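Shown here is one chain on its own, the form predicted on its own, set out as C-alpha cells.
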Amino acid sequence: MKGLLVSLIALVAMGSIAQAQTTLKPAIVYANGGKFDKSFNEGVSNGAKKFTDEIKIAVVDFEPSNETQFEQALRRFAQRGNDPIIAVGFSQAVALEKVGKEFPNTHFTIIDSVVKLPNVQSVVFKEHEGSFLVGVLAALASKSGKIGFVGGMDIPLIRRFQCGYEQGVKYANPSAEVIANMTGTTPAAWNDPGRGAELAKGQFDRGVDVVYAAAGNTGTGVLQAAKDRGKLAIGVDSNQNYLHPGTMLTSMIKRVDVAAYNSFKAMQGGSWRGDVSVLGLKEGGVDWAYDQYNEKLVPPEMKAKVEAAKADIIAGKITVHDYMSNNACK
C-alpha cells in the first residue's frame, strides 16, 4: 500500500510537470539591432536556447525593425496566449506598461528597465561596475595613455557604461585621457557598424590604442576597425573575445542570458514573481571576460590587479559612481 501511494504521488507530480510544460508558451520581443547582434540581443537568445535545449519547449520571438512595433508585438503574443513574455531593452518600458495592464494574467519580464506592475518582472544591471573593471584593464594595457569609448544611442544607460569605464581608467592611471563618442540619438545608433568603425578610426588617429564599444551591433564595426588597425578592443554584453583573437582585450559581460533563462525556468517551476532584480558584480550579473582568446593579452600581474579591484568593489572598499543616480559622472 505504501509503495502504491508513493507511485501515485510520483505520477501526479509528473502529470503536473507535464501539464506545466504543455501550457508554457514563452516568447521574446527583441530590442533594435537584430537577434544575432553578437551582443545584447544575442545574449538573451542564448539564454532562450539553453532553456529550449534543456526543457524541449520552443521559444517564439520577434525582431522589430522600429520602436513602433514593440507594443504591437507584445500585445500579439499576449493575445495568442504566450506566457511568459520577455521584453528586451529599456525602449520597451512604455509599451510594456500599457500592454501589461491590458493582460494582468500574463507574466512579463523586461530587461534593462523597471515597470512597476504586479505581473512584470524587471531585471536591471550595474553596468558601471563591470565597466569599471574593463576600464582598469584598458589603462593597464594602453601604451599611449589614450583610451577610447564608443557608445550607441546617447542615453543615460550608455552614459552609465562610459562613466564606470572612465572611473576604472582613472583608478589604474590617473593621467590617462579618455576620448568618447556616441553613435547617435535615435535607435538606429544600435545597428550601424559602419559608423562605429568610423568613430573608432577617428579615435585611433588621435592616439587611442584601446577602445571599448557599448553600442549593440554598431560595436561590431568598432571591433573590426580595431582588428584592422592592430589596436585593442573591448566587447560588451556577450563575451565577444572570440570574434577577433589577438586584438580583443576583454569583454564586459552582462548576464542577460541568465535573466532570460531564469525567467522561463521560474515560470516552468511555478516560482515566477513580479519584482525588481538589480544585478552587479556581487550578484554575478556583470563581470569581465578572461578565456583562451585573450589570455595572451592579459599577463598574470594585470589579471591580478583587475581581480583585486573586483574584490574591492564587492567588499565595498571601492564605490563606483552610477551616472544614472544623478546624470553626472564623478
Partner chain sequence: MRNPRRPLPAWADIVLLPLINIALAFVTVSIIVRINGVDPFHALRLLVVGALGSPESIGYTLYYATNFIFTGLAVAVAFHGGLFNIGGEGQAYIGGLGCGLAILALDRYLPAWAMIPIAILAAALFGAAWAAVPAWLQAWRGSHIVITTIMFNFVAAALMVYLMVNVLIAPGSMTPQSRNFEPSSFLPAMQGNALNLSLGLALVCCLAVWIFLWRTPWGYALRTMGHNPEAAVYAGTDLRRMTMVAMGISGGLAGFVGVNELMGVHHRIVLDFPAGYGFAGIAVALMGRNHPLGIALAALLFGILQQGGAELAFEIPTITREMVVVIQGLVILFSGALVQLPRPWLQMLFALRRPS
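Treat the numbers as computed from the prediction; the structure is a model and nothing was measured. Positions refer to the first chain, counted from 1. Rigid core (definition): largest C-alpha set, two forms, superposition within 1.5 Å.
The same protein also has a form predicted in complex with the partner chain, omitted here; what follows describes it.
In terms of contact with the partner chain in the predicted bound form, the residue from Leu243, Leu140, Ala176, Met153 that brings a heavy atom within 4.5 Å is Met153.
Interface residue among Lys170, Lys98, Lys146, Arg229 relative to the partner chain in the predicted bound form, by the heavy atom within 4.5 Å criterion: Lys98. Among heavy atoms of Val94, some come within 4.5 Å of the partner chain in the predicted bound form. Among heavy atoms of Gly43, none comes within 4.5 Å of the partner chain in the predicted bound form.
The partner chain in the predicted bound form comes within 4.5 Å of a heavy atom belonging to Pro64. Interface residue remark: Thr68 is counted as part of the site for the partner chain in the predicted bound form, having a heavy atom within 4.5 Å. Heavy atoms within 4.5 Å of the partner chain in the predicted bound form are found in exactly one of 74-82, 231-239, 195-203, 162-170, that being 74-82. Of the residues in 185-224, those that come within 4.5 Å of the partner chain in the predicted bound form through at least one heavy atom are, in sequence order, Thr185, Thr186, Pro187. With the core held fixed, the Cα of Asp291 is displaced between this form and the one not shown by less than 2 Å.
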